[in-house]
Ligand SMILES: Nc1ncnc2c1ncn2[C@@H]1O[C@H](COP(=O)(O)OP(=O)(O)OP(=O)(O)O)[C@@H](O)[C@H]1O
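Okay, here we've got a single chain as structure tokens, the form predicted on its own, with questions on binding and movement later.
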């Protein structure tokens, strides 16, 4: 049975989608069967981030107008993607309560990552309820961390297991909160620490998560370390530089087997 892990935050723009797609890429690179659901239906970014062109989307499923098989896409990087629609015309009629039906649709997957909207609205709460476990993403500033603390209280009320918090886009400046301060304020373990890196934007320009764009980068290795911990497998640091197309060549060989 698949583990459903919601990637959540208290506010938008902190890197939930980036974390979700990179963790899925890392899990696939580690040989795990993974999937990503774009449950941030109002402002979806998963499909854009990984270059999935789609006719049917999660919106259609939530409106009762498409079967699961029509909205699940096998990505070249080795994981499945359930995208949401970009058009505002596809929002009316979406029933977020139907997200729970997805729990029975992932028998072939080991870990399903749910990219959530911020937690304090109906949409975000539906994604929190869908997940059995929660990873929170924050930037190292009080406004973002305080919102994670509040969102964590909601997760606790819903009896969800909080795996910890990933700190994203850190500049390592003295005005930022330290990992110790973040752990104390949120009452959560800090399970990842990612520095600000323009390579993320370079990868995004070619629809490649950072782990695929250049697996040897420090942030890519951090995602791989987190993914290994989630999957319960050893983390082996990358010793040589592997860029975007090298990663795709590896996956082509793998899918041809």
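Residue numbers count along the first chain shown, from 1. Predicted model only: the values in this text are computed from it and were never measured.
One more form of this protein exists, namely the form predicted in complex with the named molecule; it is left out here, but the text below deals with it.
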For the interface check, one of 188 to 196, 226 to 234, 58 to 66, 26 to 34 should have non-hydrogen atoms within 4.5 Å of the named molecule in the model of the complex; which one? 188 to 196
My question is simply whether residue 48 lines the interface with the named molecule in the model of the complex - judged by any non-hydrogen atom within 4.5 Å. no
Tell me, yes or no, whether residue 215 is in contact with the named molecule in the model of the complex, where a contact means a heavy atom of each within 4.5 Å. no
May I ask you to state whether residue 201 is within 4.5 Å of the named molecule in the model of the complex, using heavy atom distances? yes
Can you tell me whether residue 118 touches the named molecule? I mean in the model of the complex, with a 4.5 angstroms heavy atom cut-off. yes
Residues of stretch 1 to 35 in contact with the named molecule in the model of the complex (4.5 Å, non-hydrogen atom): 12, 13, 14, 15, 16, 17, 18
